[in-house]
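Have a look below at one chain only, the form predicted on its own, in C-alpha coordinates format.
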(Lines give C-alpha, C1' and ligand atoms only; values in the text may rest on other atoms or scores of the structure.)
Protein backbone atom coordinates (compact mmCIF):
# COMPACT_ATOMS: atom_id res chain seq x y z
CA UNK A 1 0.00 0.00 0.00
CA UNK A 2 1.24 3.50 -0.80
CA UNK A 3 1.78 6.09 1.91
CA UNK A 4 -1.17 7.59 3.69
CA UNK A 5 -0.52 11.28 4.22
CA UNK A 6 -1.48 12.93 7.51
CA UNK A 7 -1.21 16.67 8.16
CA UNK A 8 -2.01 18.09 11.60
CA UNK A 9 -0.70 16.25 14.65
CA UNK A 10 -2.47 18.02 17.47
CA UNK A 11 -4.26 16.19 20.25
CA UNK A 12 -6.77 14.63 17.86
CA UNK A 13 -4.57 14.22 14.81
CA UNK A 14 -1.70 12.58 16.63
CA UNK A 15 -4.05 9.98 18.12
CA UNK A 16 -5.49 9.14 14.71
CA UNK A 17 -2.11 9.02 12.99
CA UNK A 18 -0.82 6.69 15.70
CA UNK A 19 -3.81 4.41 15.08
CA UNK A 20 -2.70 4.06 11.46
CA UNK A 21 0.84 3.22 12.53
CA UNK A 22 -0.41 0.72 15.10
CA UNK A 23 -2.20 -1.04 12.24
CA UNK A 24 1.09 -1.24 10.36
CA UNK A 25 0.11 1.23 7.64
CA UNK A 26 2.77 3.40 5.98
CA UNK A 27 2.19 7.00 7.06
CA UNK A 28 3.93 10.22 6.06
CA UNK A 29 3.23 13.16 8.37
CA UNK A 30 3.67 16.90 8.70
CA UNK A 31 2.91 19.45 11.40
CA UNK A 32 4.22 22.89 12.32
CA UNK A 33 5.28 21.33 15.64
CA UNK A 34 8.61 19.54 15.27
CA UNK A 35 7.95 17.75 18.57
CA UNK A 36 4.66 16.33 17.27
CA UNK A 37 6.35 15.08 14.11
CA UNK A 38 9.17 13.54 16.16
CA UNK A 39 6.65 11.58 18.27
CA UNK A 40 5.11 10.07 15.14
CA UNK A 41 8.54 9.36 13.68
CA UNK A 42 9.33 7.37 16.82
CA UNK A 43 6.28 5.26 16.01
CA UNK A 44 7.60 4.57 12.52
CA UNK A 45 5.98 7.36 10.49
CA UNK A 46 7.96 9.15 7.82
CA UNK A 47 8.42 12.88 8.44
CA UNK A 48 7.82 15.45 5.70
CA UNK A 49 9.01 19.04 5.72
CA UNK A 50 5.83 20.56 4.28
CA UNK A 51 2.23 19.89 3.33
CA UNK A 52 3.29 19.86 -0.31
CA UNK A 53 5.88 17.16 0.45
CA UNK A 54 3.14 14.98 1.98
CA UNK A 55 1.00 15.48 -1.13
CA UNK A 56 3.97 14.58 -3.34
CA UNK A 57 4.34 11.22 -1.58
CA UNK A 58 0.80 9.98 -0.83
CA UNK A 59 -2.27 9.24 -2.94
CA UNK A 60 -4.71 9.54 -0.02
CA UNK A 61 -4.12 12.42 2.38
CA UNK A 62 -5.87 13.31 5.64
CA UNK A 63 -5.85 16.65 7.44
CA UNK A 64 -6.83 17.36 11.06
CA UNK A 65 -6.44 21.08 11.73
CA UNK A 66 -7.91 23.50 14.28
CA UNK A 67 -9.42 26.32 12.19
CA UNK A 68 -11.14 26.56 8.78
CA UNK A 69 -8.72 29.17 7.46
CA UNK A 70 -5.80 26.87 8.24
CA UNK A 71 -7.51 23.97 6.48
CA UNK A 72 -8.09 26.12 3.41
CA UNK A 73 -4.53 27.41 3.38
CA UNK A 74 -3.01 23.93 3.73
CA UNK A 75 -5.19 22.38 1.04
CA UNK A 76 -5.60 25.19 -1.48
CA UNK A 77 -2.89 27.71 -0.62
CA UNK A 78 0.30 28.35 -2.55
CA UNK A 79 2.53 25.27 -2.57
CA UNK A 80 -0.16 23.39 -0.63
CA UNK A 81 -1.76 20.00 -1.04
CA UNK A 82 -3.49 20.92 -4.32
CA UNK A 83 -0.06 21.27 -5.94
CA UNK A 84 1.01 17.75 -4.94
CA UNK A 85 2.23 15.30 -7.55
CA UNK A 86 0.79 12.11 -6.06
CA UNK A 87 -2.36 12.99 -4.10
CA UNK A 88 -5.65 11.77 -5.57
CA UNK A 89 -7.98 11.99 -2.56
CA UNK A 90 -7.95 14.57 0.26
CA UNK A 91 -9.98 14.01 3.44
CA UNK A 92 -10.69 16.85 5.88
CA UNK A 93 -11.20 15.41 9.37
CA UNK A 94 -11.56 18.89 10.89
CA UNK A 95 -14.77 20.65 11.82
CA UNK A 96 -14.55 23.39 9.24
CA UNK A 97 -18.11 23.90 8.02
CA UNK A 98 -20.17 23.07 4.92
CA UNK A 99 -19.29 26.22 3.00
CA UNK A 100 -15.58 25.51 3.18
CA UNK A 101 -16.22 21.87 2.23
CA UNK A 102 -17.81 23.11 -1.00
CA UNK A 103 -14.89 25.44 -1.71
CA UNK A 104 -12.43 22.62 -1.07
CA UNK A 105 -14.31 20.26 -3.37
CA UNK A 106 -14.36 22.87 -6.14
CA UNK A 107 -10.75 23.95 -5.65
CA UNK A 108 -9.28 20.46 -5.42
CA UNK A 109 -11.29 19.23 -8.40
CA UNK A 110 -9.44 21.75 -10.57
CA UNK A 111 -6.28 19.78 -9.80
CA UNK A 112 -7.84 16.37 -10.33
CA UNK A 113 -8.14 15.67 -6.58
CA UNK A 114 -11.31 14.27 -5.00
CA UNK A 115 -12.43 15.81 -1.73
CA UNK A 116 -14.10 14.23 1.30
CA UNK A 117 -15.20 16.02 4.45
CA UNK A 118 -15.20 13.61 7.40
CA UNK A 119 -15.29 15.49 10.72
CA UNK A 120 -14.94 13.39 13.84
CA UNK A 121 -16.58 13.20 17.26
CA UNK A 122 -15.38 11.45 20.40
CA UNK A 123 -12.59 13.54 21.84
CA UNK A 124 -8.93 12.90 22.47
CA UNK A 125 -9.59 9.63 24.30
CA UNK A 126 -11.73 8.39 21.42
CA UNK A 127 -9.01 9.27 18.92
CA UNK A 128 -6.41 7.41 20.95
CA UNK A 129 -8.60 4.33 21.40
CA UNK A 130 -10.19 4.20 17.95
CA UNK A 131 -13.70 4.97 19.20
CA UNK A 132 -14.55 8.07 17.20
CA UNK A 133 -17.59 8.58 15.02
CA UNK A 134 -16.84 10.04 11.59
CA UNK A 135 -19.43 11.80 9.43
CA UNK A 136 -18.27 11.69 5.83
CA UNK A 137 -19.42 12.96 2.47
CA UNK A 138 -17.79 12.84 -0.94
CA UNK A 139 -17.78 10.86 -4.18
CA UNK A 140 -19.56 7.55 -3.57
CA UNK A 141 -17.39 5.75 -6.12
CA UNK A 142 -14.28 6.50 -4.05
CA UNK A 143 -15.80 5.74 -0.64
CA UNK A 144 -14.53 2.11 -0.71
CA UNK A 145 -10.98 3.50 -0.81
CA UNK A 146 -11.55 5.94 2.05
CA UNK A 147 -13.75 3.96 4.45
CA UNK A 148 -11.17 1.27 5.37
CA UNK A 149 -8.75 4.00 6.45
CA UNK A 150 -11.35 5.85 8.52
CA UNK A 151 -12.43 2.64 10.24
CA UNK A 152 -9.09 2.60 12.05
CA UNK A 153 -10.39 5.66 13.94
CA UNK A 154 -13.83 4.33 14.82
CA UNK A 155 -17.24 4.11 13.11
CA UNK A 156 -17.52 5.90 9.77
CA UNK A 157 -20.93 7.04 8.47
CA UNK A 158 -21.35 8.00 4.81
CA UNK A 159 -23.76 10.97 4.71
CA UNK A 160 -23.94 11.33 0.92
CA UNK A 161 -22.14 12.86 -2.01
CA UNK A 162 -23.03 16.52 -1.39
CA UNK A 163 -19.88 18.38 -0.26
CA UNK A 164 -20.39 19.50 3.32
CA UNK A 165 -23.05 16.93 4.29
CA UNK A 166 -20.64 15.44 6.81
CA UNK A 167 -19.83 18.90 8.13
CA UNK A 168 -23.52 19.70 8.60
CA UNK A 169 -24.02 16.47 10.56
CA UNK A 170 -21.04 17.34 12.76
CA UNK A 171 -22.39 20.83 13.47
CA UNK A 172 -25.72 19.32 14.54
CA UNK A 173 -23.88 16.91 16.82
CA UNK A 174 -21.79 19.68 18.37
CA UNK A 175 -24.88 21.84 18.82
CA UNK A 176 -26.52 19.12 20.92
CA UNK A 177 -23.32 18.44 22.85
CA UNK A 178 -22.68 22.09 23.72
CA UNK A 179 -26.31 22.74 24.66
CA UNK A 180 -26.16 19.72 26.99
CA UNK A 181 -23.24 21.28 28.85
CA UNK A 182 -24.97 24.65 29.13
CA UNK A 183 -28.32 23.32 30.33
CA UNK A 184 -26.63 20.92 32.75
CA UNK A 185 -24.68 23.86 34.15
CA UNK A 186 -27.92 25.76 34.69
CA UNK A 187 -29.72 22.86 36.34
CA UNK A 188 -26.78 21.99 38.57
CA UNK A 189 -26.31 25.61 39.60
CA UNK A 190 -29.98 25.85 40.57
CA UNK A 191 -29.71 22.72 42.71
CA UNK A 192 -26.47 23.80 44.39
CA UNK A 193 -27.97 27.20 45.24
CA UNK A 194 -30.90 25.35 46.83
CA UNK A 195 -28.51 23.31 48.97
CA UNK A 196 -28.43 20.02 47.04
CA UNK A 197 -25.27 17.94 46.92
CA UNK A 198 -23.86 18.12 43.34
CA UNK A 199 -22.50 14.56 43.32
CA UNK A 200 -25.86 13.22 44.46
CA UNK A 201 -27.60 15.32 41.81
CA UNK A 202 -25.48 13.76 39.05
CA UNK A 203 -26.22 10.29 40.44
CA UNK A 204 -29.95 11.00 40.31
CA UNK A 205 -29.84 12.56 36.83
CA UNK A 206 -27.96 9.59 35.41
CA UNK A 207 -30.79 7.34 36.54
CA UNK A 208 -33.51 9.70 35.34
CA UNK A 209 -34.83 11.36 32.19
CA UNK A 210 -32.44 14.30 32.53
CA UNK A 211 -29.45 12.12 31.66
CA UNK A 212 -27.24 13.38 28.82
CA UNK A 213 -23.63 13.29 27.66
CA UNK A 214 -22.70 16.05 30.10
CA UNK A 215 -24.15 14.34 33.17
CA UNK A 216 -22.76 10.95 32.14
CA UNK A 217 -19.20 11.99 31.39
CA UNK A 218 -18.27 15.65 31.61
CA UNK A 219 -19.51 16.39 35.13
CA UNK A 220 -18.03 13.27 36.77
CA UNK A 221 -14.69 13.68 34.98
CA UNK A 222 -14.16 17.43 34.93
CA UNK A 223 -16.77 19.56 36.70
CA UNK A 224 -17.44 17.81 40.01
CA UNK A 225 -13.67 17.52 40.73
CA UNK A 226 -13.33 21.18 39.59
CA UNK A 227 -10.50 20.36 37.18
CA UNK A 228 -12.30 21.59 34.05
CA UNK A 229 -9.92 19.59 31.88
CA UNK A 230 -12.17 17.38 29.78
CA UNK A 231 -9.93 17.91 26.77
CA UNK A 232 -11.80 20.13 24.31
CA UNK A 233 -10.91 23.80 24.16
CA UNK A 234 -13.65 26.37 24.64
CA UNK A 235 -12.07 28.27 21.72
CA UNK A 236 -12.69 25.32 19.41
CA UNK A 237 -16.21 24.81 20.74
CA UNK A 238 -16.89 28.52 20.17
CA UNK A 239 -15.62 28.16 16.60
CA UNK A 240 -17.93 25.20 16.06
CA UNK A 241 -20.95 27.02 17.46
CA UNK A 242 -20.26 30.10 15.33
CA UNK A 243 -20.12 27.87 12.25
CA UNK A 244 -23.32 26.12 13.34
CA UNK A 245 -25.33 29.30 13.98
CA UNK A 246 -24.10 30.91 10.76
CA UNK A 247 -24.96 27.83 8.69
CA UNK A 248 -28.38 27.53 10.32
CA UNK A 249 -29.13 31.18 9.57
CA UNK A 250 -28.11 30.63 5.95
CA UNK A 251 -30.66 27.79 5.85
CA UNK A 252 -33.37 29.96 7.41
CA UNK A 253 -33.28 28.18 10.78
CA UNK A 254 -33.07 30.28 13.94
CA UNK A 255 -31.21 28.46 16.72
CA UNK A 256 -32.40 30.10 19.93
CA UNK A 257 -30.50 27.69 22.19
CA UNK A 258 -27.51 27.53 19.85
CA UNK A 259 -27.18 31.30 19.82
CA UNK A 260 -27.30 31.38 23.62
CA UNK A 261 -24.59 28.72 23.91
CA UNK A 262 -22.41 30.46 21.31
CA UNK A 263 -22.58 33.61 23.42
CA UNK A 264 -21.92 31.64 26.63
CA UNK A 265 -18.77 30.19 25.07
CA UNK A 266 -17.63 33.66 24.06
CA UNK A 267 -18.09 34.79 27.67
CA UNK A 268 -16.19 31.72 28.87
CA UNK A 269 -13.19 32.75 26.78
CA UNK A 270 -13.41 36.33 28.01
CA UNK A 271 -13.99 35.56 31.70
CA UNK A 272 -12.19 32.26 32.30
CA UNK A 273 -9.43 32.62 29.74
CA UNK A 274 -8.44 31.79 26.18
CA UNK A 275 -7.09 28.41 27.29
CA UNK A 276 -10.33 27.36 29.03
CA UNK A 277 -11.86 23.94 28.50
CA UNK A 278 -15.43 23.97 27.19
CA UNK A 279 -16.68 22.52 30.50
CA UNK A 280 -15.71 25.89 32.02
CA UNK A 281 -19.05 27.16 30.73
CA UNK A 282 -20.26 25.91 34.12
CA UNK A 283 -18.01 28.45 35.85
CA UNK A 284 -19.70 31.33 34.06
CA UNK A 285 -23.19 30.07 34.90
CA UNK A 286 -22.19 29.58 38.54
CA UNK A 287 -20.61 33.02 38.79
CA UNK A 288 -23.78 34.62 37.40
CA UNK A 289 -25.69 32.92 40.22
CA UNK A 290 -23.31 34.19 42.90
CA UNK A 291 -21.46 30.92 43.45
CA UNK A 292 -17.68 30.92 43.73
CA UNK A 293 -16.53 29.23 40.46
CA UNK A 294 -13.07 28.65 41.95
CA UNK A 295 -14.28 26.81 45.04
CA UNK A 296 -12.53 23.49 45.77
CA UNK A 297 -14.13 20.16 44.94
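Positions refer to the first chain, counted from 1. Note that the structure is predicted; figures quoted are calculated from it, not measured.
The form predicted together with nicotinamide-adenine-dinucleotide is left out here; the points below concern that form.
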> Only one of 143-151, 91-99, 77-85, 209-217 gets a heavy atom within 4.5 Å of nicotinamide-adenine-dinucleotide in the predicted bound form; which is it?
Replying inline: 91-99
> Given that nicotinamide-adenine-dinucleotide is left out here, which of 65, 48, 27, 40 has a heavy atom within 4.5 Å of it in the predicted bound form?
Replying inline: 65
>> Under a 4.5 Å heavy atom criterion, is residue 123 part of the interface with nicotinamide-adenine-dinucleotide in the predicted bound form?
In response: yes
>> Considering non-hydrogen atoms and a 4.5 Å limit, does nicotinamide-adenine-dinucleotide approach residue 21 in the predicted bound form?
In response: no
> With a 4.5 Å heavy atom cut-off, would you call residue 281 a contact of nicotinamide-adenine-dinucleotide in the predicted bound form?
Replying inline: no
> Hey, in the predicted bound form, is residue 32 touching nicotinamide-adenine-dinucleotide, heavy atoms inside 4.5 Å?
Replying inline: yes
> Which residues within 227-248 place at least one heavy atom within 4.5 Å of nicotinamide-adenine-dinucleotide in the predicted bound form?
Replying inline: 231, 232, 236, 239, 240
